[in-house]
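What follows is a single chain, given as structure tokens, in the form predicted on its own.
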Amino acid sequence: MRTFNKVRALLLCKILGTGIILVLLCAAAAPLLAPYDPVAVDLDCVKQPPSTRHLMGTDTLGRDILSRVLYAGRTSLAIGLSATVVSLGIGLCIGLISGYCGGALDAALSMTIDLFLAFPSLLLAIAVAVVLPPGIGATVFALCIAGWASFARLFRGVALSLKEEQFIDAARAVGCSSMRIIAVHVLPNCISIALVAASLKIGSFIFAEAALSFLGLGIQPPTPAWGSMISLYRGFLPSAPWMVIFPGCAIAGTVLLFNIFGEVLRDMIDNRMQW
């Protein structure tokens, strides 16, 4: 039974990983895959339903929905990946230093982490985005401000548990400095946890970016973004539902794919699993 569960988890992880790679490739190859210019206006094709010419239909300006969804995927994935990498790096450094060093430094950093965690992450991102000029850079910054604290709390707990291990005591005994111990001995033991946390966070950041764009605080038209497309076309849902359904499905499918992959990956590398 344990072997069967292991094989099933490995197979599921490979399938989900392949799906993520396909999504990334589609986004990266959007200029090659998109049949039309995503911002080109064609008033002869206004609000056309899905057809062989326009597989996902057109919008109120005759722009091809498929092309806009593909290009919007590039933006959303780029923002999600960038925000994840930056916030993971910040949270990893602060969390490990806080947990390993302890004392007054740990108390100060823990209070800062708790302060950021006291606010709902999406509301904090909205509050930051409001005071910044809309754009990709501002969106990434707002997401990083809202997301680094959860990483920091996670890795603080990891550092607190690892610093009591015997190999850390041995490193101290031979005269290794605290920074060397963190970099050489503690950090490598956080890689698997970091992969799981990052894969789960990417979906959250993609959803948050869509929410910011929906509210007009993220990517601005005419640059296509899934959230702004839903916001722009939501009034036409009864008469032209394809304009909302396809970008909505893109958001839901991408977020769900990353979240399930993160869950499966966590189960695979969790040391508490008894395989």
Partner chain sequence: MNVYYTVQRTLMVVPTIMGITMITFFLLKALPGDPAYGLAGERADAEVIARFSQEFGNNASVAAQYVGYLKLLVRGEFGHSYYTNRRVAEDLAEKLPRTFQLACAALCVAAGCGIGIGVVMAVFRGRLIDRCCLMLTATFIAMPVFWLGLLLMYVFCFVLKLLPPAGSDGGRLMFLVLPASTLGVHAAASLARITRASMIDVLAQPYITTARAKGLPAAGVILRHALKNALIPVITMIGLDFGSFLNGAVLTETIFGWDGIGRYAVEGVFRRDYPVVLGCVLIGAVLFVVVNLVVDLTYALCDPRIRHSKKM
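Numbering follows the first chain given and starts at 1. All figures in this text were calculated on a predicted structure; none of them were measured in a lab.
Just so it is clear, the following notes concern the form predicted together with the partner chain, a form of the same protein that is not shown.
Enquirer: For the three residues I90, G103 and L265, which mark the spot I'm curious about, does each lie within 4.5 Å of the partner chain in the model of the complex through at least one heavy atom?
Expert: No, none of the three is in contact.
Enquirer: Do V128 and the partner chain come within 4.5 Å of each other in the model of the complex, heavy atoms counted?
Expert: So V128 counts as contacting the partner chain.
Enquirer: Taking the shortest heavy atom distance, is L256 within 4.5 Å of the partner chain in the model of the complex?
Expert: Looking in the model of the complex, residue contacts with the partner chain include L256, since a heavy atom lies within 4.5 Å.
Enquirer: Quick one: is G248 in contact with the partner chain in the model of the complex, heavy atoms, 4.5 Å cut-off?
Expert: Judged by the heavy-atom cut-off of 4.5 Å, G248 is in contact with the partner chain in the model of the complex.
Enquirer: Within 4.5 Å, heavy atoms only: does L12 come near the partner chain in the model of the complex?
Expert: L12: no contact with the partner chain in the model of the complex.
Enquirer: Name the single residue among V69, L217, A27, M56 that comes within 4.5 Å of the partner chain in the model of the complex, judging by heavy atoms.
Expert: For this set of options, the contacting one is L217.
Enquirer: Counting non-hydrogen atoms within 4.5 angstroms of the partner chain in the model of the complex, say which of L115, V184, A173, A108 makes the cut.
Expert: The option sitting close enough to the partner is L115.
Enquirer: Given that the partner is absent here, state which listed stretch (46 to 54, 206 to 214, 29 to 37, 61 to 69) has heavy atoms within 4.5 Å of the partner chain in the model of the complex.
Expert: Within 4.5 Å of the partner lies stretch 206 to 214.
Enquirer: Taking only heavy atoms into account, state which residues of 119 to 140 are within 4.5 Å of the partner chain in the model of the complex, ordered by sequence.
Expert: Stretch hits, in order: F119, P120, S121, L122, L123, L124, I126, A127, V128, V130, V131.
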